[in-house]
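This document starts with one chain, in the form predicted on its own, laid out as structure tokens.
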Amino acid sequence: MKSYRIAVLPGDGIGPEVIGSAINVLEAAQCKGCFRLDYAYGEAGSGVIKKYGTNLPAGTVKILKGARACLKGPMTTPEEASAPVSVAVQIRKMFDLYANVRPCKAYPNAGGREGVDLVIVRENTEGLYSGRERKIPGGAVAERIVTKRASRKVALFALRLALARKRKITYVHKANILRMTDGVFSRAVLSVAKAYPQVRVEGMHVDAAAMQLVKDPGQFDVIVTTNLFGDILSDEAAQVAGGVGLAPSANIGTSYGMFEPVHGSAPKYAGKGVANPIATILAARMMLDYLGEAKAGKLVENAVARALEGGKALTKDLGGNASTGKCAEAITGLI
């Protein structure tokens, strides 16, 4: 029997609740497959800053480095200038998780646009999220770092993903204005795409892409873009597909993966049992795919779809009254 060591970071706010739900679903999936998940829990998030002086303690870093992948709950990132960088950003840099993968898919009875099924692949290590900011008289400046190397890596990832889907990729940019940085990105995508003639490639300005995601999301299959553009567009696409409560994400590198829900820690709902755990459950499903347990992953996704269709997994944000626990219970019972 295969065994995988998984780092689990429950996080802040509703994090422990949705992570707990995902673990219950993973336990059910294990029973259907010939593999075992060995969980190692670590502390991280704003809730541990007073205790450790950081939101990612050394002990947790050790746990992360000893694991095959990480299942991460939502975490609060303080906005003060002196606060630590977000845990997600630190882990992305630590393991060079260069591709942020956000599938946006409409599930039955969940309020999304029927037929929406696309994936946004976002460059994850640079751009405006590279953290290079400085003060100037009367204001501040943020540096937007776009390199050929990083752009080629994320383009290659997106093209290979497109091969397994509908063989279409849209690279999103603003090279008519950001001519140097988005010029580097666009040229890198087109250069890598030459090796994939079976994939149809089109370019689109980011403002047009934002409009088209609302107007006609069915035209998209795989979207690849830079860090900030991808962050914004993926939240928009998630809402078109039914809301961030259904939106998982993966952060993939050469030899490590971190999986988390798109949504935040929602501290005002913590402990009330009303949070939607499906985004985290679907993130766990993506982790199973990453580990090579695609059959178990498909069982999880099918159970989510059936539970939503039957109404038993409809939490408050989806127009139902299922609690966090009841939602997870309904999904677990269908695996």
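Remember, predicted model here, so these are calculated numbers, not experimental data. Note that residue numbering follows the sequence shown and begins at 1.
Below, we refer to the form predicted in complex with a small molecule, which is not included among the displayed structures.
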| property | result |
| --- | --- |
| Listed residue (G230, P74, G127, G242) with a non-hydrogen atom within 4.5 angstroms of the small molecule in the model of the complex | P74 |
| Contact assignment for the small molecule in the model of the complex, among Y52, F35, Y41, Y269, heavy atom within 4.5 Å | Y269 |
| Proximity to the small molecule in the model of the complex (heavy atom, within 4.5 Å), stretch among 210-218, 137-145, 76-84, 182-190 | 76-84 |
| Touches the small molecule in the model of the complex: A275 (any heavy atom, 4.5 Å) | yes |
| Partner proximity in the model of the complex: H173 to the small molecule, non-hydrogen atom cutoff 4.5 Å | no |
| Exercise: G264 in contact with the small molecule in the model of the complex, heavy atom 4.5 Å | yes |
| 4.5 Å heavy atom contact, I14 and the small molecule in the model of the complex | yes |
